[in-house]
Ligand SMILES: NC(=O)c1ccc[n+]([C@@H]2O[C@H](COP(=O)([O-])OP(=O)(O)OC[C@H]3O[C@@H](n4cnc5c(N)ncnc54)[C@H](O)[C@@H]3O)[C@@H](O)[C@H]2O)c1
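First, one chain by itself in structure tokens, the form predicted on its own.
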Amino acid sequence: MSVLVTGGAGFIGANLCRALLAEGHRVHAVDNLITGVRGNVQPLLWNPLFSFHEMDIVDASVIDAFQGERIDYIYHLACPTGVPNLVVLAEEMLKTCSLGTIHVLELARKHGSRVLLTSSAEAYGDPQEFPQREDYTGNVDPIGPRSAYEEGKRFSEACVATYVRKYGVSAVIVRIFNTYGPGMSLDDTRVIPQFLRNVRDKKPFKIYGDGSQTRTHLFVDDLVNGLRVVMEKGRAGEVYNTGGNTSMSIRALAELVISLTGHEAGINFQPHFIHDHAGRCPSTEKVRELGWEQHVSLEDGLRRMLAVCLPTLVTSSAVTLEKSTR
């Protein structure tokens, strides 16, 4: 099988590439490295089945970039992310979600490829229904401070739906909720790597607002498995939520990380610099009907991430625990 992964140098993209290579697939990773990191795919370059292409899917030349290649599957993950980038990279988000998605779909038409678009929980905006089912149309402000990403993803979904109906492209959509795990840079601005960075630097956790806003968290291996299940079994034109099954406040998450690491610098609460959503919680009944399940609990996943990101801390904690039980 020959697979193209856009956004292949991102956190999720690189993990997906590794999983596909492990099963012997030919993998082409495409990334313009705006938020992706070359180091994420550097360890894969030794594999003769892997190739990395630094290019921007906003450029229409991507449609003809794989002349003579067979592209069976396209996982379309490309899009700048991160709350601090909502203004800084707003234009890039909009262009990637619009022009970039159309170019990917044209590439799929040309090769007869099956396509999976990774959309986002942000497509629901600031939801008023819990849990969020795929048929919930959301509560989105089209000109609000988060609109470049929210509306960008919603437009990407509309592009997919159009190409399915008009051209018969076999394409599916996965709305991703908060994801974490090894390979996530501690410089990432999302909440879990931010907390672990604070642990490393012995600085207080920074929580915006009172920490009552809720999220679910899914280990990256479970997400990658979900993407592959939907690619194989999802119905064309359909949307599938893929996210964690336990809702937790940001404050409770901080307390869990403290309990796992012994972090002593405390928590600083600050006003949020941008409108934040009060909560997100996916209904995953639809993806579970395809055979997907979450296997890694949040606590176990955090331990695995700590073992990779902060191995010295984990070793020290284990020694301390061993001494205290003698």
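One rule holds for the numbers: they count along the sequence shown, beginning at 1. None of these values were measured; they are calculated from a predicted model.
Another form exists, predicted in complex with the named molecule; not displayed. Remarks below refer to it.
_Suppose contact means a heavy atom within 4.5 Å; in the model of the complex, does that hold for all of S2, L44 and L107 with the named molecule?_
Contact check failed for every one of S2, L44 and L107.
_Partner-contacting position among Y149, Y240, Y73, Y163 - heavy atom within 4.5 Å of the named molecule in the model of the complex_ = The residue from Y149, Y240, Y73, Y163 that makes the contact is Y149.
_Among the candidates V287, C281, I57, V27, the residue which, in the model of the complex, approaches the named molecule to within 4.5 Å (heavy atoms)_ = Contact check passes for I57.
*Can L77 be called a contact residue for the named molecule in the model of the complex at 4.5 Å between heavy atoms?*
Flag for L77 set to yes.
_Please determine whether K153 contacts the named molecule in the model of the complex, using a 4.5 Å cut-off between heavy atoms._
Although the named molecule is absent here, K153 would touch it in the model of the complex, with heavy atoms inside 4.5 Å.
_Partner proximity in the model of the complex: I176 to the named molecule, non-hydrogen atom cutoff 4.5 Å_ = Taking the distances in the model of the complex, the answer for I176 is yes, it comes within 4.5 Å of the named molecule.
_So in the model of the complex, is the named molecule close enough to L33 to count as touching (4.5 Å, heavy atoms)?_
So L33 counts as contacting the named molecule.
*Go through 133-141, 244-252, 114-122, 202-210 and give me the stretch that gets within 4.5 Å of the named molecule in the model of the complex, heavy atoms only.*
Checking each option against the 4.5 Å cut-off leaves 114-122.
*Going by the named molecule in the model of the complex, which residues of 182-202 come within 4.5 Å of it through any heavy atom?*
Result: R190 alone.
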